[in-house]
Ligand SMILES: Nc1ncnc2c1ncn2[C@@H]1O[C@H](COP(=O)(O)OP(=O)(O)OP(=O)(O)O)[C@@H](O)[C@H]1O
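As a starting point, one isolated chain is supplied in structure tokens, in the form predicted alone.
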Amino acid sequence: MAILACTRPPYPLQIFEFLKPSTALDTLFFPQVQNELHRMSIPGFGGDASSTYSDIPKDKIELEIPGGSEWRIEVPHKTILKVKVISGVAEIFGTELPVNIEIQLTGVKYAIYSPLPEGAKLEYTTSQNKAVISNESEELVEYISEESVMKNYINLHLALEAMRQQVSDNNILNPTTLKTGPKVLIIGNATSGKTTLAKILSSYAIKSDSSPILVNLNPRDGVFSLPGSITATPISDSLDIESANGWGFTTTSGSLYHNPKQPIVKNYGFSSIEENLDLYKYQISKLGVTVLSRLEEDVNVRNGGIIIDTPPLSIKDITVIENIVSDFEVNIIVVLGNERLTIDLKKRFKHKASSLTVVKVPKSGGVADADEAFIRRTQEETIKEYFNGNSKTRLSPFKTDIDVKDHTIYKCVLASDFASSLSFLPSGDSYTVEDDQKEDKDKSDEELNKYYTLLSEPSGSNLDNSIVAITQLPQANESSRELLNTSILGYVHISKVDDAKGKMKILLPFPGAFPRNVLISTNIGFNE
């Protein structure tokens, strides 16, 4: 049977000069995937390879990025950077920038890469972001670097794409013995570029007509959702690099310029996995079940596989890593710039050597440190964008009052608080019930107590300025097990609770009747 060729235009042949093997990984992957490069599409030409700056006229600056180099920028939240590609091809983490169309960036640490030998010519301006009040500097940090690791990441993508093509061919020719595309786990220390690599692999997969599931296991970020969540999202369209976190909007926002994504969202409720590690592991396991089920039902997603982004992990977090590998049936672990971690993982998973590959790719020299203030500001912008949109996509949120007594509200439990509560038990007390008829129910309640606690008296002291998750579980069907297993329908913001009137002032992403579902108050705060 003839295999259909990709109809998208290929790279010019000159780009092969940029993809000569330079590392062990390149030497391993490059020969078998060199021909696959033509499946990818980054059309366009332009510019010579000089890195000169010139003014156009007063407030506009023009620069040229040499082929194979990248322009690294750090834009504070107090500054707006407007960039336009004049000629050539430029991309941000695999997403192409349109020619002669201005894009607006603020509060980002990006690298704009020119993949073709001809380079790219850009034009940019900066201005003050008057919507942000902070003590951070307004200065734009920018420079051109020739030390790009993009060719290593492109070779990694090409290797994964070759695997996807083999799986796709098999599933066409042998529909009774279906296989699944590569399931990739990205691991590294803090500021190693894990999210950057996840964006690059997702964006290049789209260009190659693949549709992987992007899994975000870092609750700090909020990918196609709000911080405090972990998500799984089929990627079938380009990412919106102008959004607050560089991912884009969801179907909660309605029809937009970029095709909105529809993630499966599991509530964790904290920014750090250490705040309740048991709850984090539990939600990972349930998300893994959902993702594997989707692979069974959707052949396009099955062929595309999985790309998993993670929080900072080391060999000390091996139990978390083992859980992720097991729950998502991972067959490729990519370690970013940490040889010791690579060796330790190979030893740890030696018994899976036939089904699990561990490879190391270099960390980009352009990865910039982000302090806690910058991270928190990005989280706030993500929350604000969820409800109000951004400069190019204006949303119409809905504010209303609801009765506190009409809703069941749970609160995420800090692991330290739960441990402290156990220390006050009288000697000999335990949560185990001897009565056989009640044993299963009480075990479920015991497990629930480690993760969530019911707010018997919701008030301003525990709900003001909080982000609350609306579960898909109706209040009428409430049970411990169902609450732990449910996914999230969406989020609302509670700005004020009037204790005297028993009313909550809430902000919804769009107008409509407030669902009578179980609510979970997260540990993520936000002031309008």
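Note that this is a predicted model, so its numbers are computed, not measured. In case it trips you up, residue 1 is the first one in the sequence shown, and so on.
FYI, the form predicted together with the ligand isn't displayed, but the following is about it.
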Task: Any non-hydrogen atom of P458 within 4.5 angstroms of the ligand in the model of the complex - done: no
TODO: Determine whether any heavy atom of T126 comes within 4.5 Å of a heavy atom of the ligand in the model of the complex, and answer yes or no.
DONE: no
- [ ] May I ask you to check whether I409 falls inside a 4.5 Å heavy atom distance of the ligand in the model of the complex?
- [x] no
Open item on the list: Considering non-hydrogen atoms and a 4.5 Å limit, does the ligand approach L105 in the model of the complex?
Closed with: no
Open item on the list: Quick check on this chain: which one of V299, V167, V132, A368 has a heavy atom within 4.5 Å of the ligand in the model of the complex?
Closed with: A368
TODO: Would you mind picking the one in S293, S326, S396, T191 that has a heavy atom within 4.5 Å of the ligand in the model of the complex?
DONE: T191
Open item on the list: Only one of these stretches, 66 to 74, 498 to 506, 481 to 489, 461 to 469, has heavy atoms within 4.5 Å of the ligand in the model of the complex; which one is it?
Closed with: 66 to 74
TODO: Would you mind checking 390 to 406 for residues with a heavy atom within 4.5 Å of the ligand in the model of the complex?
DONE: none
